[in-house]
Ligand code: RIB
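Presented below, as structure tokens, is a lone chain in the form predicted alone.
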């Protein structure tokens, strides 16, 4: 005898209630007494009834899911953002689908299409770079989208990001106040406005305090630890050695400190180091790291609120909303006054 899949009618019969009552109980579309709710759920357990959430979503025009696209889930900064977004969505009844683009534009585009086909209700998007094809595809989809940690002037989608220019300016200003004039910079990928804004903050702080910009003090990194190590190796071979190094994220800063220690250089006695992000797990690994704190939880919570509001209001036309959050400088012991003695270039 072939087993049959239990239906809503079977649940109503076992619970001795109407089909309408079962429907309202499962979908939460009308208040049902606690007694009837209990009978319905007990009947569902007895029958092993599973609601077809996809079919329900298609009927109601929603799937109660939010897509999250991040560039690199091995980066604790992006992992933290994704976790906070997932938590905020869950509290409001939404599940999350996490996609990692690996900083690859084609993979990013593929995941955008996957989320569109899965009919997610909204997307929270951190792009890998200035990929106009991704932005165009999302705008054509008419799915509510919030861009996080990035700024696209021409995009019509909501945005929430931190003032990266100000954060880098204040970090550089802090080093200058300690007496440093030769400040090395390990930058991030030039394709992101996050990195370019921080670079501009660094450059303008030097200019404001009368320090000439020196291209030999710059190493083009990619926000990954290896570029922090390579950046230090290159900067410390220069004939014009830096007395401080500003890494544009914490992963590179932690790697930079480790590399300096391998060179038998002390931080900050020989070289001061400052990072950017203040990510929880990296702060624990490098308790002494001076860094720029980004309000990650606030950014994620605001992004979640924005996208859920767009989903629930079902707006087809709207005015773009932009939330710019402010960073703060966290001074710890990896930065100190400029050394009084000189060290030799590292071979």
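Positions refer to the first chain, counted from 1. Since the model is a prediction, treat every value here as computed from it, not as a measurement.
Although it is not shown, the form predicted in complex with this ligand is what the next lines describe.
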item: Close approach of residue 202 to this ligand in the model of the complex, 4.5 Å, heavy atom; value: no
item: This ligand contact in the model of the complex: residue 290, any heavy atom under 4.5 Å; value: no
item: Touches this ligand in the model of the complex: residue 78 (any heavy atom, 4.5 Å); value: yes
item: Proximity of residue 223 to this ligand in the model of the complex, heavy atoms at 4.5 Å; value: yes
item: Heavy atom within 4.5 Å of this ligand in the model of the complex - residue from 194, 134, 100, 243; value: 194
item: Listed residue that, although this ligand is not shown, lies within 4.5 Å of it in the model of the complex (heavy atoms), from 229, 150, 182, 173; value: 150
item: Location of this ligand contact in the model of the complex, chosen stretch of 109-117, 82-90, 245-253, 231-239 [non-hydrogen atom, 4.5 Å]; value: 245-253
